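Here you get one chain, nothing else, as structure tokens; it is the form predicted alone.
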Amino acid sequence: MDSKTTEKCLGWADLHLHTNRSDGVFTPTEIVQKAAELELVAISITDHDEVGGIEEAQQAAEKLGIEVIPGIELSTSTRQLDVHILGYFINWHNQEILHYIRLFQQERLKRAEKIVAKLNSMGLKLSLDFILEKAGAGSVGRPHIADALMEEGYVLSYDEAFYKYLGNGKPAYEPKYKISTVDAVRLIHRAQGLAFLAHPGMDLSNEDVTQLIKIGLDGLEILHPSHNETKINYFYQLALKNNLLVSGGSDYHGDRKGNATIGNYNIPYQFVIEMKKAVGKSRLLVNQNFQKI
């Protein structure tokens, strides 16, 4: 990104934040408070396959003068690739997106049951009720199981829980339910939102990203803790070349995993303004002409 972009900065925004409604540590209110302390102008709550924290965050933000952009991070797959799609400015009351969220929650519960059964068979006695209590009102996931393993003394750290039992290919691993990337982008568009490819440089090749752009994405997340300066510049130029919007954020989950801290990966608010200009445009024609990959 060139210096002219930041010279005209109207403030800073972190558009990738997770709360305890999915696999984050802090409540939506606590996330907003942290953003206020850092004098951010805008944030987006982008919980995994969940929108339950948006209203609380917006209510807290009204008192603190921060803009909360309603968002979501959808788990998807394309050609056996694990692809995350960020939805911004979504109508989180949209019945279709709520239907998918209920489906995701049901599948997450089934996955948790299978993981707990595997752990029990290995002599690690955890109860599903204990894990659901940790998840609270949010969607249950592996982080809650990792927390339970730590609390019961089976592991010493969150990272150890994933390294020994819960990570990909480990003894208690179970794949996560995903929808197709094309369906996720269409779903976000039908909820009047913008669809962005999350952290494209983390698990995807440059060619994968180029192919995914063809399905009707609105933008790329260029700023992310997994992106070095070379990747940031590459994806920024790729977005410009393809007339795409750009976003970025800390992908903050709390202090559980030693994550990047909220406020350390911010984008200029001017990028948010550009996103707002695109929100009202109809995506129906784009949806009808999706290219298959």
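These figures come from a predicted structure and were not determined experimentally. Position 1 is the first residue in the sequence shown; the rest follow in order.
This next part talks about the form predicted in complex with adenosine monophosphate, which is not shown.
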Original post:
Quick one: of Lys214, Arg190, Lys176, Lys114, which gets a non-hydrogen atom within 4.5 angstroms of adenosine monophosphate in the model of the complex?
Top reply: Lys176
**OP:** May I ask you to choose, among Arg186, Arg142, Lys134, Lys118, the residue with a heavy atom within 4.5 Å of adenosine monophosphate in the model of the complex?
**Re:** Arg142
**OP:** Would you point out which of 105 to 113, 123 to 131, 190 to 198, 91 to 99 contains residues with a non-hydrogen atom within 4.5 Å of adenosine monophosphate in the model of the complex?
**Re:** 105 to 113
Subject >> Full three-residue contact with adenosine monophosphate in the model of the complex, heavy atom 4.5 Å, for Asp23, His48 and Tyr158 >> reply: yes
Original post:
Would Phe162 show up as a contact with adenosine monophosphate in the model of the complex if we use heavy atoms at 4.5 Å?
Top reply: yes
**OP:** Check whether Lys34 has any heavy atom within 4.5 Å of a heavy atom of adenosine monophosphate in the model of the complex, and answer yes or no.
**Re:** no
**OP:** Decide whether His253 counts as a contact residue for adenosine monophosphate in the model of the complex under a heavy atom distance cut-off of 4.5 Å.
**Re:** yes
